[in-house]
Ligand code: PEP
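Heads up, the chain below is alone and in the form predicted alone; it's given as structure tokens.
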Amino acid sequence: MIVEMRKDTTQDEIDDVIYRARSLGMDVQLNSGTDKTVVAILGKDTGKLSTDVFAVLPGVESVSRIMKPYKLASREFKMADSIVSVDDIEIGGRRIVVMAGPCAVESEEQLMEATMVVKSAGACIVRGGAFKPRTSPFSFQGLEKKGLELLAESRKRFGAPVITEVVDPHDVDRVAEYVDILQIGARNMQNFSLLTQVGKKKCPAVLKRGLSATITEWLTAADYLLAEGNDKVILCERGIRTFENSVRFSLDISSIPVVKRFSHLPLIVDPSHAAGHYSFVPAIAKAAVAAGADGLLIEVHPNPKEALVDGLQALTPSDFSRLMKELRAIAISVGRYI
């Protein structure tokens, strides 16, 4: 249930709404906009409440129900686009933010070279996996703590924020000490214990769409982060599993305008995991920018032939530099910039 307050409402009137909701056993989330405050009344029994319970209170302009399963991620709760700030980088604004780097941190030399390459080409955030949950237990699983230390060293040397995946709820605090953005992978999209812990941490978080998740399931998973008070949530479309096997996953390009219509959260696209092959990455990346994505998450390796993980989908330094030039022209054509 959404309670929209009048523009001239007082803090006491807002507090009265909160008090009434909590007295009825409901949870509350506030969206304090520049014009007015919106109060979300949350709980499994909200459907049993009459809207009049809140409509009669002083300062209330309107009361409505959110019929979608997701609440806090919806446009009903927040009409304006959310912008997530990482240092001085805004994700969700006019700038299309490119996050790039190797799928996995393999060595100091590899990561530092990759960081230098992507940063000089125009990427502003460095990606790199320290923990690599793989389909096979015999595949490279990442350098773990050593990988985190190298990511922190990369940030220190080059001044670019870093993003890495966290896979265990018990590791959230430890990983957050080393990086700027926590990534929740596709296979963990509905790991609700992990979502809750990342939500409580209240640091920027990228939530990837699950392999077979609908957009509604994806946005409902985002509510787990938002419900803990973390308003720094970024969605990531990375392709879904369909009958098509010519690419690794089928990138749902339509999810970009759909999410933009129904949610206020910023959305980036991972063309590397969708493509599964470096030759398809540029076209998918350009399509994502044209469709309205707020950023890209691209795999770049100094020497993909020697990569321990996903070398086939990683761009070479020269390919990435060429792509960034092409992306700038597309960004300008849709009124944005890189």
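Computed from a predicted structure; not experimentally measured. The first residue of the sequence shown is number 1, and the count goes up from there.
Another form exists, predicted together with the named molecule; not displayed. Remarks below refer to it.
J.: Do all of K68, A221 and H264 end up near the named molecule in the model of the complex, with near meaning a heavy atom within 4.5 Å?
T.: None of them does, since no heavy atom lies within 4.5 Å of the partner.
J.: Closest heavy atom of L235 to the named molecule in the model of the complex, within 4.5 Å or not?
T.: Judged by the heavy-atom cut-off of 4.5 Å, L235 is well away from the named molecule in the model of the complex.
J.: Could you confirm whether C103 comes within 4.5 Å of the named molecule in the model of the complex, counting heavy atoms only?
T.: Yes, contact at 4.5 Å.
J.: Would K145 count as touching the named molecule in the model of the complex under a 4.5 Å heavy atom rule?
T.: It does not: once the named molecule is placed as it appears in the model of the complex, K145 has no heavy atom within 4.5 Å of it.
J.: Consider K132 of the chain shown here, and say whether it contacts the named molecule in the model of the complex, taking contact as heavy atoms within 4.5 Å.
T.: Yes, K132 sits close enough to the named molecule in the model of the complex that at least one of its heavy atoms falls within 4.5 Å.
J.: Just one of 23-31, 281-289, 267-275, 57-65 has residues with a heavy atom within 4.5 Å of the named molecule in the model of the complex, so point it out.
T.: Going through the listed ranges, the match is 267-275.
J.: Between the options R95, K200, R174, R187, which residue brings a heavy atom to within 4.5 Å of the named molecule in the model of the complex?
T.: Spelling it out, the residue with a heavy atom inside the cut-off is R187.
J.: Only counting heavy atoms and a 4.5 Å limit, does any residue of 282-310 reach the named molecule in the model of the complex, and if so which ones?
T.: Going through 282-310 in order - heavy atoms within 4.5 Å of the named molecule in the model of the complex - there is one hit, E299.
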